[in-house]
Every structure is written in C-alpha cells, then in structure tokens.
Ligand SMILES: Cc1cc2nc3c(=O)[nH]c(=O)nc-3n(C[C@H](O)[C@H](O)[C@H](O)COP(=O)(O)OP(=O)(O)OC[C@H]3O[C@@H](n4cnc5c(N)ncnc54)[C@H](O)[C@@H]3O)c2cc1C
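A lone chain, given as structure tokens: the form predicted on its own.
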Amino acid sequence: MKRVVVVGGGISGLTVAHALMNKPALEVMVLEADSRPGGKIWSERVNGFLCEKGPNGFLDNRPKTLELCSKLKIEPLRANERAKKRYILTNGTLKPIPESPPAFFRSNVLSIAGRLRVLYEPFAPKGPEDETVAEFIKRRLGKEALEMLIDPMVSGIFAGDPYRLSIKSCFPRIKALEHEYGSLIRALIKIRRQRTGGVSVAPKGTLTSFPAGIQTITDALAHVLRDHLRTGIRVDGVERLNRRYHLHTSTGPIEADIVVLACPAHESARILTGFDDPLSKELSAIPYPPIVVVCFGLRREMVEHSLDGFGFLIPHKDKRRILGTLWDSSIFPGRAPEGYVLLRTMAGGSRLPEIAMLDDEGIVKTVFDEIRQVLGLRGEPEMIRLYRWEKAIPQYEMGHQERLRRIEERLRAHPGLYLTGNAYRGIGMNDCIENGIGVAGEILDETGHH
C-alpha cells in the first residue's frame, strides 16, 4: 500500500485526491492548513445575497470539468444569455464590446484608425518564440486595440500587466494560432470554415456556476473525500529518508511515498526550504499581487443603469482606482433577493497593488465612489462585504516557460514529488481540474495502477 499525501485542499488538490481515492493499493490523504477546504473558491450567503470571494465560475467549453460535475452529481448553472453583453468603461462612458466582426467595425470602442489598424493584422510579421502580451498585441492588432480591449481583458483575468505577462504562458492558444496560420484573422476564417467545434481566438463557452455558488464543486469533492481530508494541518517542511518522504506538520510527522504540493507556489516554496533550495527559490519568484473584492447589495431602484449584461472592465490608461465591476445578479439567478441587485468589484492587482492594501473603510469608499457615477447609484448599499487576498492570482511574467523547465529539472531529482495548482499552466478552474487529473494520471503510471 503506497501512501499519497496531497498538500493543499483547494480545487487542484481535491481533484488529484478524487482521481486517486478508489485506486487499489493507494492510500490517499489531503492536508489543508485552513479550517475549511476550497482555497480561493469560496461562496458566502449574506442576508440573501450570494457573494463570491474568488472566481465566480468556469467556461463550459472544456469537458473535464463537466465530467467531474457529472461524477459528483452536481448540476451546473449557465449564465443568463444577456451576460454575453460586456462593457468597457472609457472617459466615463460604458461602451458595449462588440460580439462579432461586423459589430466590431460598426462600434466606436476603437477609433476608425484603430479599426483599420486591426485590418492590417494578416500582414503583420510573426513574432519571436515568446514576448509580452503587449508586444504581441501591438504587433498584430495595434496599440489602440491593446489599450482599449486587451489591457482590460488581462486585468479581468489575471489582474495583471500586459507589459510584463508572457503571451505564450498566458494565452498559449493565441500564440499557437499565429505560429500555425501566420495570422489570427486568417486562423479565425479557416477555423470557421472547417467548423471544428467552434475553436477560436477568443475563448468560447458560457460562464457556468451552480445555484448555490461556485463553492458547490469544492464542497462536493470534500464530501466525497471526507475520510481522506484533514483540515487545520499546516505542513512546515519535508525530508526524504529511506526512500520515503517525511512531512513535518503542525500536528506531528506524517510519512508518504508520494507527495503532491497543490498549494500556492509561495507555500510550496516555504515547505521545500532546506529540502531543495534552488527549487524553493524558483517557486518563490512567481509573483502574486494583492486583490480586494468588494460586494455591494442595493435596492434595484437605487441603480439608474439597466445592468443589462455581465459588467464592465477598465483600460489602465483611464487611471481609475478599480479594475472592473461584475453585475453578479444579472449573470446568474438567485444572487440577490427579489427587488435587489448584487455588484462585485475588483481592485488592486499588479498595477495598483496599493489600493488592495488600504484599510477596509478606505477601500469601500474608493470602490463605491468609482462605481457611483458610472452606474448612477443613489443612497447607500444595504449589504457590504469585503474580501482581501494578499496573494491573489499568480502572474505568468516573461521567463515563466524557462522557470517551468527549471522546476521540472529539479523535480526529476525527487521521484514521487509533484507540483500542481494555478501557478504553472493555467490559472482558471478548468486548468486546475485538467492539470490535477493529469498529475493523478502520472502517479498511476508511476505506481503501475492505471
């Protein structure tokens, strides 16, 4: 009987354990330092409002997540059709993001010159093996498309800076299309003609959650794993003795044949200090800027805007103090009591980390002042919830691919030691689930139990 210890009870660690739990000759244990499993997937019901502290869903275009939901017997909830309508806030005005190429050329999100520059894209030269998101977009689509469309999108996904993030690490599919077709527009046309299941430059799929919030999936995994899951146990270090791993934990030593570190990279770095310092150093170099999420519950009549859509993001050049606001009660049903709306705003990230570190009162005032004028808010909110993440989303900055290669090189010296989570190859829930299932497959191959 081989013992597998998974360190970290977020979506990644729970997925690995779930994929291994009923395999013969494997004993699986998950250790979570917090008093609750789930990590950054965290839903909270407050006075009838359903607040999400972290992600609010996943796209339904990747089968592994839906297969997992089916195994767990949980029913996904798709976003409302109107949530496809998204806005950019610029110069104090909300402009709808065009949803199709003809709508793009009719829209005024970009100037006429900016739209004509996008038409030059098929003639733009191919770029190097890797470059920043900003360099890639400027070369292919122009500076205005970068500032008005891609920059706010990068804020919405990574809370990151396109001038520092790697295109190959953050948007590998887009970089691959350039390599394969020489042009994103040509790729789009050819793929549409081939009708190969709707693969496109932009991620297709519908935002999906659950009636009781995104935490439903981690709760369901924790329920299935209940005998294998131990919360409130912090791992402080690891040693290898007699071909077994010895974990030093807050409740005493635990031995394992296989260890999966499924915690944030900075936590894995802390655990590996003294065991493999070069590996620990690589992991601790992955940046995690702070983010704050503020939820406001208001009476519907207090909001002038129709809230018809998903919400809005903001180009950095507009010098606002927030990243964007989602109209959660417009996206999914059951997020606010009858006659009320729920707004959720993100602030901080790599470009404005200081905002996320203000005191609670300062953050609430900053955020409410920003959205009051945009949405025409009257009076004060009836519900306020503030969630602070001092280390939020890992940033795949330039050099991330080389870092991953060096990490893999170090891991080869430690058979039975694995790393997974959103710090490496995809930050979304779908990525975490796919990568967790992949690690479980590697473990089964190694132990001969596939």
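For clarity, every value in this text was computed on a predicted model and none was experimentally measured. All residue numbers are counted from 1 along the displayed sequence.
The same protein also has a form predicted together with the ligand, omitted here; what follows describes it.
- A residue is said to contact a partner when one of its heavy atoms sits within 4.5 Å of a partner heavy atom; Trp389 meets this definition for the ligand in the predicted complex.
- Although the partner is absent from this view, Ile233 contacts the ligand in the predicted complex, with a non-hydrogen atom inside 4.5 angstroms.
- Looking at Asn56, you'd find a heavy atom of it within 4.5 angstroms of the ligand in the predicted complex.
- At a distance threshold of 4.5 angstroms between non-hydrogen atoms, Val7 is in contact with the ligand in the predicted complex.
- The stretch among 61-69, 378-386, 406-414, 419-427 whose residues place heavy atoms within 4.5 Å of the ligand in the predicted complex is 419-427.
- Contact here is defined as any heavy atom lying within 4.5 Å of the ligand in the predicted complex, and by that definition each of Ile11, Glu32 and Lys40 is a contact residue.
- Proximity to the ligand in the predicted complex, defined as a heavy atom within 4.5 Å, singles out one entry of Val133, Leu221, Cys263, Leu342, which is Cys263.
- For the options Glu282, Asp328, Glu147, Glu267, the one in contact with the ligand in the predicted complex, meaning a heavy atom within 4.5 Å, is Glu267.
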